[in-house]
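Okay, so here's just one chain, in structure tokens, the form predicted on its own.
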Amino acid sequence: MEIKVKTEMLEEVKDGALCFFLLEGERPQDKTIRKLDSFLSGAVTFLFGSGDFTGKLNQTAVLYTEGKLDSKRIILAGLGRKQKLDLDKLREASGSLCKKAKELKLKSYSVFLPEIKLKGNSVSDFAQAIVEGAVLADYQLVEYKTADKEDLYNIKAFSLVDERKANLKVMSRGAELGEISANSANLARDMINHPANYMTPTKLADIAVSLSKKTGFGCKVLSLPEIKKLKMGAFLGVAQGSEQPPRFIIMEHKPKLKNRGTVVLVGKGITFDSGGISLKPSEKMGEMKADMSGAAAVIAAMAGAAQMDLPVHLVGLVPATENLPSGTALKPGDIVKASSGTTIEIISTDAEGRLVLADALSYARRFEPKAIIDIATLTGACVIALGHAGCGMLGNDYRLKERIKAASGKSGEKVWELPLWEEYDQQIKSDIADIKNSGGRPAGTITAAAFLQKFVGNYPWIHLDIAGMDLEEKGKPYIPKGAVGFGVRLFLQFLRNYSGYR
């Protein structure tokens, strides 16, 4: 989708459709919409008065100009009640406009920037959210479809328009950031949506290398002998059950501008999780191709950060492997030694994510970072606690957690903090090793984080458990069915805030 930004008068714009946002239960206040209503002989006012369109969030309506304007169609999208309006609702409404444009088989459409004021948000923020909503809603993976190709329709061009020429520069900046952010999330979606027989650890590493060349970050991939030299016994323990060789992906963005220290992102890269010897139920096991969603988020965020050239030294680490049962697979009762020297008793081979992250988090410490953030589809317990509305957040640094919450508010990717009290350490104590990899069912998300905390040292650290946020089953305004790409936009917003980048 080509993104354009224009400052033109309503009557000058010619496109497949002109699109406008309206608040629920309120007569249109925007000067441009009042002008539109005048051109259409009161059609917008009549539509509101009929009750067929109320401005409810994500509601859409189509009007036809009947030659009164150069554009044939008008599409209206509801924003919901003004008191509940935020950037994510604007993003949703933009996604709804894109979906309607696709239903109408439009090649292109234009969206007018709303004149609504939203405390704490700028014209640039509005532009970014609108562009993100459109680009994210237009996403689909088409490589495996051979039938019904005519249904796989994509918008060719999208224009963001405002009559006020003074807004052109800030609109353009917001649109640019929105395009990078949304395209980065779509990169993650691609990686997650591909089947596991394609998206192997080697392929995941190849994609990271390809993106590094395209966007300008550094990338090094360690193979089995090199991983063994690092004595990553926890990571290797998981990998030993698969014929696919593991890969440890190390990415690095070194900005041209002065930076504020090092941030390390760590993503769980289990390209397929059968549960190993502790085999999962067969129902929906195919969804376990998405167990590398954390890795996809980190790789895609690295690409986005490089494109933005964010002024922060950013490192991305991905331990990538499959978790499969075989004659060589890790067994319950086994003991492995992580690269930190910590010994781990294996209670469940289906608690493998924390094992691969243990060695990756230990490796992160060599960069002496200002912040370590790991992201993983780690525990089913997090789905029980939070459902599919947001991810769990735990960590050891109050200020870092507040920064993540602030970024969440802008990106619309919700986080909810869970406690990490010392009492939970008791659940992961082992009788025969230093710790064990499962503390049982009670507080499963928290004890998994308590396990990870053993490997971060004294560095500021956040753990994001995105189980339940990797796949969308029904489809939402800007999230089609399938991979969500959760965490990419959150990371990019956090890094922008952290580095003072605008």
Ligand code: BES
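Quick note: we count residues from 1 along the sequence shown, nothing fancier. What you see is a predicted model, and the numbers here were worked out from it, not measured in a lab.
This protein has a second form, the form predicted together with the named molecule, left out of what is shown; the following refers to that one.
- Stretch 286-294 is the contacting one of 245-253, 133-141, 286-294, 177-185, since its residues have non-hydrogen atoms within 4.5 Å of the named molecule in the model of the complex.
- Note on the partner interface in the model of the complex: the residue among Ala381, Cys219, Ile155, Leu118 having a heavy atom within 4.5 angstroms of the named molecule is Ala381.
- Scanning Lys231, Arg403, Lys370, Lys280 against the named molecule in the model of the complex with a 4.5 Å heavy atom cut-off leaves one residue, Lys280.
- Taken together, Asp350, Ser438 and Asp470 are fully in contact with the named molecule in the model of the complex: each brings a heavy atom within 4.5 Å.
- Although the partner is absent from this view, Asp273 contacts the named molecule in the model of the complex, with a non-hydrogen atom inside 4.5 angstroms.
- For Thr377, a non-hydrogen atom is located within 4.5 Å of the named molecule in the model of the complex, even though that partner is not displayed.
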